[in-house]
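A lone chain, given as structure tokens: the form predicted alone.
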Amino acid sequence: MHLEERQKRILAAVVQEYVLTGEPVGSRTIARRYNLGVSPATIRNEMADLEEMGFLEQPHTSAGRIPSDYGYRYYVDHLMEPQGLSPEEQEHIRRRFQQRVLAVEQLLEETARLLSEITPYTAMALEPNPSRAKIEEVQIMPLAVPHRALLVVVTEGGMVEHRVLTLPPSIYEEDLEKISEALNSVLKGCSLDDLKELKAQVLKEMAKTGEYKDLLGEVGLLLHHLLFLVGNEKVYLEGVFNILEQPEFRDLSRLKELLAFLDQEEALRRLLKAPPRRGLTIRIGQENREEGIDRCSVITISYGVEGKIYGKVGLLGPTRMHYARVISVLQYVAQSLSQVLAQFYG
């Protein structure tokens, strides 16, 4: 929809003022603070027109106006001016990523924590898709509980996936060692993406000797568990209680819906894996299809190494989000994260 230049300036002013204060914005406030060169009456008429076109809303008849989802979208796409980070902020982020990190999980947890500290929003980080990572070791270890074992898969970059297995009474500790050796002989250096093709090869290798033949059923089950890891990337979540500082969530029912959503890792995974897979994505209000966040904005950005291994980091907050700053923060953090990951995967 086409807006006149004055309408664009008024809409931008309403968005900026509402982001700062969280209070409905009146025409007198715009006239006093934004030097648009027109009277409050003219601004009031233009705001009424913007409301009629769907860019603004009026929560109460006697109150000022606030941006609608459509108004925020127009602002982000057409009116928002970039806001770079200060040299001090960039240096702070660089220092945090220079800390010694031993595993990718630790790095992503630190990334989410950093985002939640430098913004007033909830931060999310999705680990790299494990299906592309090469397997370094597979180990099946007995647990203290009878007939239980721990399947551990270590992939490049120090990523560790694990799952508790229930074993039949006929399987002993020495059998687990044999299964581990057989799995490693075929799987080491392969990616989880290759498992479907390798499954038959592993079973064939073990069937060559009677010693392993009796374990084929258990090995097939273990390979099935390995395949289950593909597509179940872990989500790291920090700053949940930042939400409590936002006036939009003083309503207990709205807060409960949001906290219920944040408690579902599968829903968070869907949110972060939603297309497009690369680049920056901004979803405002009802553009979010997940239940419980239709009054939130979610901004995500992908990170990666040579386009091969990637995940996403993001921030979730009210639609009254400081979009320009959040975008700058996410872009710089994703760039720094990718540089560190290059040391793991490069």
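A residue's number is simply how far along the shown sequence it sits, counting from 1. All of these numbers come straight from a predicted model, not from anything done at the bench.
Keep in mind that the form predicted in complex with the DNA is not shown, yet the notes after this line are about it.
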{"item": "Contact label in the predicted bound form: residue 279 to the DNA, heavy atom within 4.5 Å", "value": "no"}
{"item": "Residue 25 within 4.5 Å of the DNA in the predicted bound form, heavy atoms", "value": "yes"}
{"item": "Exercise: residue 295 in contact with the DNA in the predicted bound form, heavy atom 4.5 Å", "value": "no"}
{"item": "4.5 Å heavy atom contact, residue 37 to the DNA in the predicted bound form", "value": "yes"}
{"item": "Partner-proximal stretch of 38 to 46, 295 to 303, 279 to 287, 314 to 322 relative to the DNA in the predicted bound form, 4.5 angstroms, heavy atom", "value": "38 to 46"}
{"item": "Those residues of 60 to 83 which, in the predicted bound form, come within 4.5 Å of the DNA by heavy atom", "value": "60, 61, 62, 63, 64, 65"}
